[in-house]
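To begin, one chain is listed below as structure tokens, in the form predicted alone.
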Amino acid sequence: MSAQIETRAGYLPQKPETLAAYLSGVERVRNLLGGAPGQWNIAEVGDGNLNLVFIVKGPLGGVAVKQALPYVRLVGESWPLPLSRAHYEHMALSEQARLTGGLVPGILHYDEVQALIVMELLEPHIIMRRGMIAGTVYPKFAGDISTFMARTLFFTSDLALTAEKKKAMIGAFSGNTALCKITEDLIFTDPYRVAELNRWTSPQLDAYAARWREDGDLKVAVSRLKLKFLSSAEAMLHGDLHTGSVMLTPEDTRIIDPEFAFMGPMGFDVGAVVANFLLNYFSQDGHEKQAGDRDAYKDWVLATLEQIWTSFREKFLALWRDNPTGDAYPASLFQGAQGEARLEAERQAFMERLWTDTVGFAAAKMIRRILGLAHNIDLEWIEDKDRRASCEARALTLARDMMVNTASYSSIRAITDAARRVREEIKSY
């Protein structure tokens, strides 16, 4: 990787001591916070892989501030990253807000030069991944995430858009290549080869990592998925839609951090959600204080996963039936009862193809979180390495079969049944 860090006239990475002065010059934010800048409390709270994140609170209210750094925060300046990712995040957030309303945080201010977005402060929301580690039930999540995915994917696809508008969207997001490159390498390539940044629970999973590097069937399967990711611009994706990109309470859900947004295959977003629920399911054995005390929560995780896919499928199909506005499948070709019946059969076939993609992409996302660079705290926070490795071995076993034998998983129930079976059959790594 080149070590050249991007420079931009006027750009300055913020610190708590400089951010107050900056925000005092933004009238809308200054009025929302209230009081004088000296009265504002500012804390840098970013715990992600890429960016700075600040929480700013004043006498009247608070805001969240996100600023891109010119490198990958997790790795450091040896891995440069363009500041333009903030532009794509802002563009995606704006489109998601238009399509889904209150399912994303409100944008209060955007500064292209500073690669900085000021957003609504979400309180008392927490990152969903942390809540699921604690065993918190979120009864609204399945409905909210299925709505978010159905509306953002359908209305940015050829099923809803004219070809002209769709191509304009492809052009608008086409420059987000650096973030796509991270996905292409860290998800579809590095876990299957010797790569400097790979890591796993060692020595417990050394044999798994070695087998993955020698598994020809797995390499072919993941390469097919990578080709689809590279070439299939079906809809605007969030691009990083996992439980770490959700802030919520039991009553309210918000999707955050779409800086990986681009025009890609729909199954990638849906598969990311499936993968993260499966990883959390397998992690629960590692968080138990006594054997069996998380059994009810494990059941909730898998039942919610089934509800997510079922609701998404129903909502996507309903949107398609009610909004035949795209240049794909023009209504003029499917007139009358016979035409509508034929089109409905094709809608069902479309969803089956989308499900197949979802299964494969979910498997790839599970594998990268165990054998690649960036891991999930669902598993990382299991302190006993043997217990953690056992949970990870189960997830890897299911993921490999999902990727290589995708046709065996014809329904979401097939996956949840397999998850229960693998958990019972594999007692340790």
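The numbering used is simple: start at 1 and walk along the sequence shown. The shown structure was predicted, so the numbers you read here are calculated from the model rather than taken from an experiment.
The protein also exists as the form predicted together with a small molecule; that form is not presented, and the subsequent description refers to it.
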query	finding
The small molecule contact in the model of the complex: residue 192, any heavy atom under 4.5 Å	no
Close approach of residue 66 to the small molecule in the model of the complex, 4.5 Å, heavy atom	no
Contact flag, residue 55 vs the small molecule in the model of the complex, heavy atom cut 4.5 Å	no
The small molecule contact in the model of the complex: residue 110, any heavy atom under 4.5 Å	no
Answer range among 72 to 80, 117 to 125, 206 to 214, 142 to 150 for contact with the small molecule, defined in the model of the complex as heavy atoms within 4.5 Å	72 to 80
Residue (of 33, 50, 367, 382) lying close to the small molecule in the model of the complex, criterion heavy atoms within 4.5 Å	50
The single option of 404, 377, 373, 29 touching the small molecule in the model of the complex, heavy atom within 4.5 Å	373
The small molecule in the model of the complex: contacted by all of 91, 95 and 173, heavy atom 4.5 Å	no
